[in-house]
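Shown next as structure tokens: one chain only, the form predicted alone.
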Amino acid sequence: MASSRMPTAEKSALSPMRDDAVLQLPLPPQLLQRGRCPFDPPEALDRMRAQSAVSPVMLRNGRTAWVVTGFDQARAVLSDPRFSADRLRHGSLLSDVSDELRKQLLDERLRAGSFISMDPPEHSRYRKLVTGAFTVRRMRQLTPRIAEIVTEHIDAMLATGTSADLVSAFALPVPSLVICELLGVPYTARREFQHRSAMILRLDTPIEDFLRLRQQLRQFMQHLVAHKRSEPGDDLLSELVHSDAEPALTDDELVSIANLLLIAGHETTANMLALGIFALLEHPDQLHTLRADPSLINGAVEELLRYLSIVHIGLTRVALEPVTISGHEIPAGATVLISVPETNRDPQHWSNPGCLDLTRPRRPHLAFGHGVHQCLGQQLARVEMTVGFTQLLQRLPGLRLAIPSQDVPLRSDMLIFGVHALPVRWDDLRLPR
């Protein structure tokens, strides 16, 4: 069996967990810090993968977690029922917080319907109820409306001149409007839920703040659920409220499902749109390749998903029983972190994985996860990226950064990686050259 000895250098960095601790794993700083290239995973993770596909790491609270950096090993964990997605109930993350905070975090009424952190059969029941809204066929039907939304936002950018912040003007509002229309959430409330969801996804948000923000999001959605009961519309939330599910969905379940879809539906795609354009601008050869042959767009989207892997902290699982992976014995109750950026750069799976190559032959990646928890909205995200990238490159000639690349503010402080802002410029074709 491979050695599980902790490096002595990590033992000096321990700090006790307090009630102002965060819900994210207290990883050592070197596993979060990116190097000179903003698109590459932390160098410390590269070194770990070079030594082993599975590695023990001592957390800042003194506990041990296991980091998976190999592609095959990650797929094995994510498809193994011996690993639970309910890290709060089965893991040790809450073992050092107060009884009162633990009680609030594990409140069954508030957790009902939050199927992203559930295991089968509970997970299967909830997921089945919403799967129909995200099928490939449904997304094809939705594509013309997505194209309209993209066109409208680019029109607005062009109307203001030859520069904009691509995040606030395009990358964030486009998927937000799409998911609002799909769910039946008033788009006028976007600033409210965008701000609160962003705070929840910060790596340093204290648990008590998380609980307060969660309650505010729930109150917002509770009012909307009540409205859909009396005045249903042609939207997913109305379908869920008036579904013939057995047993019938409670208001608590409806609120959790809707908030989960709302947050996931705009945060991930928004960051892929902005970070994807940033990556293309920093790889002019690849940008030229895509401009010269727009038919490459589907493969380009997949390559950008692989190359960027914006879930940069990773996917968390908890071992329900002792499991051996690549010679390492993972004890029951141990936390396992799937490093998606590293697994999607595994040289055993891709040649020259650190290179962005839009002509790369398409192979499976883990940007949307794997197994029963594979991202429900992946087809929607693909459509939004395909339409969004295509129109941006077609309609904004000479698209380029408006600031030095090193000044672009990165979302290193967030669970979902990306950029906080992306100031860009483009040519004004109305002016003589």
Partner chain sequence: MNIHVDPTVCIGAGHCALRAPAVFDQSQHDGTVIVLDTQPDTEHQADVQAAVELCPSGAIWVSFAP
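As the structure is a computational prediction, the values presented were derived from the model and not from experiment. Numbering follows the first chain given and starts at 1.
Omitted from view is the form predicted together with the partner chain, to which the following refers.
- Proximity of His195 to the partner chain in the model of the complex falls outside the 4.5 Å heavy atom cutoff.
- Among residues of the shown chain, Lys103 is not one whose heavy atoms approach the partner chain to within 4.5 Å in the model of the complex.
- Contact check for Pro347: no non-hydrogen atom falls within 4.5 Å of the partner chain in the model of the complex.
- Put simply, Val136 is close to the partner chain in the model of the complex: some heavy atom of it is within 4.5 Å.
- Proximity to the partner chain in the model of the complex holds for none of Pro26, Arg214 and His266, with the criterion being a heavy atom within 4.5 Å.
- Residues of just one listed stretch (387-395, 31-39, 374-382, 48-56) have heavy atoms within 4.5 Å of the partner chain in the model of the complex: 374-382.
- Taking Arg109, His288, His223, Arg362 one by one, only a single residue has any non-hydrogen atom within 4.5 Å of the partner chain in the model of the complex, and it is Arg362.
- The listed set Gly132, Pro294, Pro322, Pro81 contains one residue whose heavy atoms approach the partner chain in the model of the complex to within 4.5 Å, identified as Gly132.
- Applying a 4.5 Å heavy atom cutoff to the partner chain in the model of the complex picks out Arg127, Lys128 from 107-130, in order along the sequence.
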